[in-house]
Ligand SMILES: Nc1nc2c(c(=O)[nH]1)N[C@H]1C(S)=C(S)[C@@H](COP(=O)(O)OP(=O)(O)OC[C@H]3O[C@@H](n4cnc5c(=O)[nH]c(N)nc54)[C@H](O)[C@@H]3O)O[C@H]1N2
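Coming up is one lone chain in structure tokens, specifically the form predicted alone.
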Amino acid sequence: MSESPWQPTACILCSQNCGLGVQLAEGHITRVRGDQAHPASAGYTCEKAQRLDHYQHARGRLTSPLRRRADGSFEEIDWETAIREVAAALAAVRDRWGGDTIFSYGGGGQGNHLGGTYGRATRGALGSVYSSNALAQEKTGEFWVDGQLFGRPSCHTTPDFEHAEVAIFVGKNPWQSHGFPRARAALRAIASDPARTLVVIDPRRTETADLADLHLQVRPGTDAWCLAALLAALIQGGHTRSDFLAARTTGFDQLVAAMATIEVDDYAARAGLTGVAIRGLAARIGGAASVAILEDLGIQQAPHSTLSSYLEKLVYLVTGNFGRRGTMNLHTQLGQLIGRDRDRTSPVGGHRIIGGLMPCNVIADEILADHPKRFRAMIVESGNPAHSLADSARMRQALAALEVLVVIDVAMTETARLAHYVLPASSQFEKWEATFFNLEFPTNVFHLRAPLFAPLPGTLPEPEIHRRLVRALGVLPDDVMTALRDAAALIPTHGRGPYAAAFFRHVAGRKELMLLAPVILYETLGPTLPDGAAAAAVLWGLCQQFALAHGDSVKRAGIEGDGPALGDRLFDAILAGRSGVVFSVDDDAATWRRLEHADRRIHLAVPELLAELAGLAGEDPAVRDPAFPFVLAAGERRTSTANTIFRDPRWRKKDAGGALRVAPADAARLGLTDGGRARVTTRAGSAVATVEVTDTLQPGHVTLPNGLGLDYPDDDGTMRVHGVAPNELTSSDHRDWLAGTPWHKHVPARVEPA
């Protein structure tokens, strides 16, 4: 029997979505390798992608819409009934309480963004205006800082580690979490080059720290003091770029004044470091031709998280490591993951909404409050807030209090069990899909993935689910749809020119129709696309917008044309590029054109955060509650963990139960042994886990992995929970004061033998 052909696709386990080649047999993914033709990953992949069949061929896939009975059990219903009843239930909430009481969560998980765009049409049809997703547990503090420095939260920076002389990772372990293309290969290249320096700032000795030239092993939760000391050492030591600061920034004098009050040795000591180490790093940064820095959850989910993001960015800005090769730049984005809108607030608590995303830690408050504008209905798509958000017990209480909860997912998640209706989606390998994690500079890549399998019977891709919901809500204007179908009929003979003209004439500029644009494109342009790629129709609109805004970048990527024709050819290239397409190539000056402040300068002084910085002097980060003397990092990324689309525990080759990692001194003091059992208790809850004793942790610091605590059927069908669900131990009120991001990496805890 001949070997099955290799088919291009992508990994869906982290934001990099590396290109893959896979072989298939009898509905399974049997072999996986890196796709050499992918422009970004170029054949690179890590070991996790080898186990993707545990997602595609998992037990417990949903194969029929479900409706909750009065007794809490579920019954199967047909799709026509499901769509009619879901639309009616949501419309009833809209008509009685207003569309703004219908909340949306998720809308596209890792690598599942194409379907997520169609949810916006359903929200538009209902008048739903509030939403959130996993980014609001991680990045919104950083986005807010970007907005203050560069003009808008969507001014997102990306590091150029390929050319950086000094590479710095703050609360980031790219060996496991990646975060940029070909991460492990890049780390090895930096570590092996004597002219370059790899720096890690992290309380754990991670795999990346083991490669580093310098590991600043801060005490857990003291990142702000470490970064403040580093910034003070740069400014006080004269390691800044005065020419850059004068030409490109405002507010440096206010930073100088703030740093004058910081004693480097004192702040370093509070972080468990020495002033000598901090000043040495400052001198290395100041003397380098180029520096690139990447922060991640280690500081974004810890005390003073937004302040830490601010200080991290000031380190590269005051040294002029911005807007050039080997440093930090503002990249293009084909699909806008980060909203451009400036701050709004939530309807009940007045919490800051950043980049269009409500803080996850306040969602339960916005449901359970006795308030006329509390959320009364919720649509959850490719998300599992009952498991993935802080204080799972309270989140379950909030979800149970909703008048209507609709879940769209591939499996019966913890959230789905609380729903009134569950709509089964096709898997990421059973439909056209893509990711909008296009975060690179100067070359940016987009990858549209063709389906590998037919949809599992009984399931539908999200674009079709949302098309049916929008149709059932009766908001599509017949005259516009007829005009666009007539224009689409001309595409075989006249190209897309008449269609583009009709679309811009009838839809563009009409807000109520632009909200419905994904479904409008799907129904009219979609049927004209090759190979059944109707779901890709929304990309045509994005390509038109992108070509209009960044035409020169598109042309530098080798795509020719002007006006709508350029967007059309970009779209055709994406449709044809099964291994991904370079859609944007920037010149050296591109970053400066993307600054959004009216004066085209970087605004270094942020009053709210300078005030918080001043308050550090009066805090002692070493003080802990005697009842909870440990710091628990809830959600460590390990080689045996990934996002929670993996419900099947058999994909984990080791650490099957997700061990509680403990430092040797703590294990000896408490009588814990490798492979034994320990109980970890927080203010929110308690759990028992297997112990792993490791010298990668400091005394007083313990960790649990992400991605566990999910149930899965055994061979006999019995549902069993595997590992600890971290959010049974976290609190929703344990969050950053400004952005609302949770402090999952710094949970006060008690540890004792089980």
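When you see a residue number, it is the position in the sequence shown, counting from 1. What you are looking at is a predicted structure, and each value in this text was computed from that prediction instead of being measured.
One more form of this protein exists, namely the form predicted together with the named molecule; it is left out here, but the text below deals with it.
Colleague: Would you kindly say which of 164, 297, 469, 543 lies with a heavy atom within 4.5 Å of the named molecule in the model of the complex?
Modeller: Contact with the named molecule in the model of the complex is made by 297 alone.
Colleague: Find the only residue in 681, 644, 438, 240 having a heavy atom within 4.5 Å of the named molecule in the model of the complex.
Modeller: Of 681, 644, 438, 240, the residue with a heavy atom within 4.5 Å of the named molecule in the model of the complex is 644.
Colleague: So in the model of the complex, is the named molecule close enough to residue 218 to count as touching (4.5 Å, heavy atoms)?
Modeller: Because a heavy atom of residue 218 falls inside 4.5 Å of the named molecule in the model of the complex, the answer is yes.
Colleague: Using heavy atoms and a 4.5 Å limit, would one call residue 726 a contact residue for the named molecule in the model of the complex?
Modeller: Contact with the named molecule, yes.
Colleague: With a 4.5 Å heavy atom cut-off, would you call residue 142 a contact of the named molecule in the model of the complex?
Modeller: Judged by the heavy-atom cut-off of 4.5 Å, residue 142 is well away from the named molecule in the model of the complex.
Colleague: Heavy atom to heavy atom, is residue 177 within 4.5 Å of the named molecule in the model of the complex?
Modeller: Yes - in the model of the complex, heavy atoms of residue 177 and the named molecule come within 4.5 Å of each other.
Colleague: Is it the case that 348, 366 and 736 all touch the named molecule in the model of the complex, with a non-hydrogen atom of each within 4.5 angstroms?
Modeller: Judged in the model of the complex, none of 348, 366 and 736 sits within 4.5 Å of the named molecule.
Colleague: Can you say which of 122-130, 319-327, 107-115, 81-89 gets within 4.5 Å of the named molecule in the model of the complex, counting heavy atoms only?
Modeller: Among the candidates, contact is made by 107-115.
Colleague: Any residue of 176-207 with a heavy atom within 4.5 Å of the named molecule in the model of the complex counts; write them all down in order.
Modeller: The stretch 176-207, when checked against the named molecule in the model of the complex, contributes 176, 177, 201, 202, 203, 204, 206 at the 4.5 Å heavy-atom cut-off.
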